[in-house]
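Take a look at this single chain, the form predicted on its own, given in structure tokens.
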């Protein structure tokens, strides 16, 4: 009996968190080999569990739950129990259609336009009873016949109370569906290969234990984020990923540029995170201020009673976090500087973890963006435009880089823009599919760059490379495969995901995003051209360096081979239903879409079909970009020295070389003004206002103290005390003369007193 790992998915991030603690407390005592072994073993187990999660999810999609099980899953997905089921946002009723097939209906599964997610059963218990009674008959008569291509399957949600405020229970839990399963596998594969690769790349590093501890925590944080069932929990994972990236980017903190890069990444992300926090708060209150539950928020967004204006503001605030974390214009400037960290870290950050966290956020809360931005109902909106624009600006900046890793960094910015643009035009599956394929060929490219650096005396300057294809055949072959995949050359993985994005921009929701399509086609050409430039400069021509390059050891080349194979094969996981007239059985086409795209609390998307003319045009553009790069950098043909001859060309090159002057704006104007005039103004205010107030209070207190001492204490209080003493002394002197010792005198005084007392009684009383 195979255990249901879908109910225990929390073990995946927990194992990596345990690895972090073990390495942190015992790593230095055990030595570097044991430290690496702990990390590799942990991520290997996490990968096996992730594969089990994916396998069981596929089985769940092929055999969807019915009856009471279906109702229970729907209730759990909303974070409810039968006792609190009266607040359920959808209705799930298992019925039998006329054809005898089991179908699932209700707004709580897949909301359609004009359908309120607030409609449905009056209580979760009633839903469970009705579904159980009808579903049991269905299962008895038609067991095994369900599982159609478009049947709705609720995710597996398990949550427990985290804390309670004002009677509202805030939960922590896991949400497992196709999207989460895909991300688990992607993160674990890349992380495992990075762990293995790092044993050689960071061999002998002074902070080897520190590095592996952060690597485990980084992986655990991303896995925790991916499995989060609510936005508050996602926020925690989001920030943990940011903290880990800070530590890994600044791993070699002895060099100031590395610490500067880490601080830049950390602070830039904090700017966007302010928007993210506000967006989380807005969506919480918009959905009734009862739960941060992701599905609850998505269902509200799809309901007919949703406040679209509030959702628009919430979506744009959430996108602020996406802008910084996923390197979208204008907060992309931190990402190339992050190359200061070790190369395996760059591969992990830029392929499968930190930078795709923002893309995952849009995909997970897609109903909010879909409704708030009116995706599919307009030809342009902010998110789609920023994504498309980022593809262009990132691609152009890659042309003026001489550092191989920075070429790949700007390529990542451009490809992240591709993903965001796809989600913005309604091509959800295409955007997430590109996230999936891009992770493997981009990780291959980064680790390939590390292999080249490892052989070329730790330099990434392409001007000191060349001719390495003969000296490093495995690195060269894998780098070439990944380059062609990134360029979108058939039949590699990048071709399929890029083509889906372009088709979606053309008419994904029966609404052409013409400008986005143009951006996408331009980027197809730019990507091939700048990657061709990097490839020719690195592996062709004559070697221009001073080291003696040689092929890297197997611990480096084997991960490269694995990633290059993934870059070849994984594109076929979403093979179109029709490819230039070729019709394949439905059971082998669009598998990625079938298993990964949500069917619960998800907008009704229309998927673009394979478009032959777009595939041909984009392939020609990509091939043209590679050919022009070959002619210019290998054959030495073209307008060389143009920047010296043309003022316009020189100005354009300078503009790109200075990265659109955004760093000047942020560093020399905003930051400098903070440290310069604003700092001086603050100093003046401190010295003249705050210190004046403090000094004035001190002077006033001193004068008041002098007055109290001199006039009140010395004259009044001391005068009273001294006067009472003098009176007592004089009274004593008088009384001393009365006491003579004569009895007759005392008797006379006593008689006089008696007379006075008698007079008082007579005249007064």
Partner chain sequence: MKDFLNSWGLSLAVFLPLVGAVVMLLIPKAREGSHKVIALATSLVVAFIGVLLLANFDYDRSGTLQFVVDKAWIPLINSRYIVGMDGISLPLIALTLLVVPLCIIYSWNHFPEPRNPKAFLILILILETGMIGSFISQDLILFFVFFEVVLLPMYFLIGVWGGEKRQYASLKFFLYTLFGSALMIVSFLALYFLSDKVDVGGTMMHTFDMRLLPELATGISTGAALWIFGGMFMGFGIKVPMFPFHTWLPDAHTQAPTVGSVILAAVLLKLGTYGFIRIAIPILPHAAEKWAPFIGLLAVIGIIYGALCCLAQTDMKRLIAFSSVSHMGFVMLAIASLTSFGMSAAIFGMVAHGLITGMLFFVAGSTKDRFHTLDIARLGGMLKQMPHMGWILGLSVMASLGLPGLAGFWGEFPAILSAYNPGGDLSVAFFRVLMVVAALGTVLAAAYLLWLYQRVGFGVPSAEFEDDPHIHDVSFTEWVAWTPMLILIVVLGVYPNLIFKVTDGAVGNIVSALSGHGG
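Not measured: the values here are computed from a predicted model. Numbering follows the first chain given and starts at 1. The term rigid core refers to the most C-alpha atoms you can superpose between the two forms while keeping them within 1.5 Å.
In what follows, reference is made to the form predicted in complex with the partner chain, a form of this protein that is not presented.
Mapping the unseen interface onto this chain, residue 270 counts among the residues with a heavy atom inside 4.5 Å of the partner chain in the predicted complex. For the chain shown alone, residue 546 is not a contact residue for the partner chain in the predicted complex, no non-hydrogen atom being within 4.5 angstroms. Though the partner is left out of this view, residue 636 does not reach within 4.5 Å of the partner chain in the predicted complex, counting heavy atoms only. By the criterion of a heavy atom within 4.5 Å, residue 648 is excluded from the residues contacting the partner chain in the predicted complex. Proximity to the partner chain in the predicted complex, defined as a heavy atom within 4.5 Å, singles out one entry of 389, 602, 214, 610, which is 214. Of the residues 664, 569, 620, 310, just one reaches the partner chain in the predicted complex with a heavy atom at 4.5 Å or closer; this is 310. Segments offered: 528-536, 357-365, 679-687, 400-408. Contacting the partner chain in the predicted complex at heavy atom distances within 4.5 Å is 679-687. The three residues 156, 177 and 183 each lack any heavy atom within 4.5 Å of the partner chain in the predicted complex. Along 205-237, residues 210, 214, 232, 235, 236 each place a heavy atom within 4.5 Å of the partner chain in the predicted complex. After superposition on the rigid core, the Cα of residue 702 moves by 2 Å or more between this form and the one not shown.
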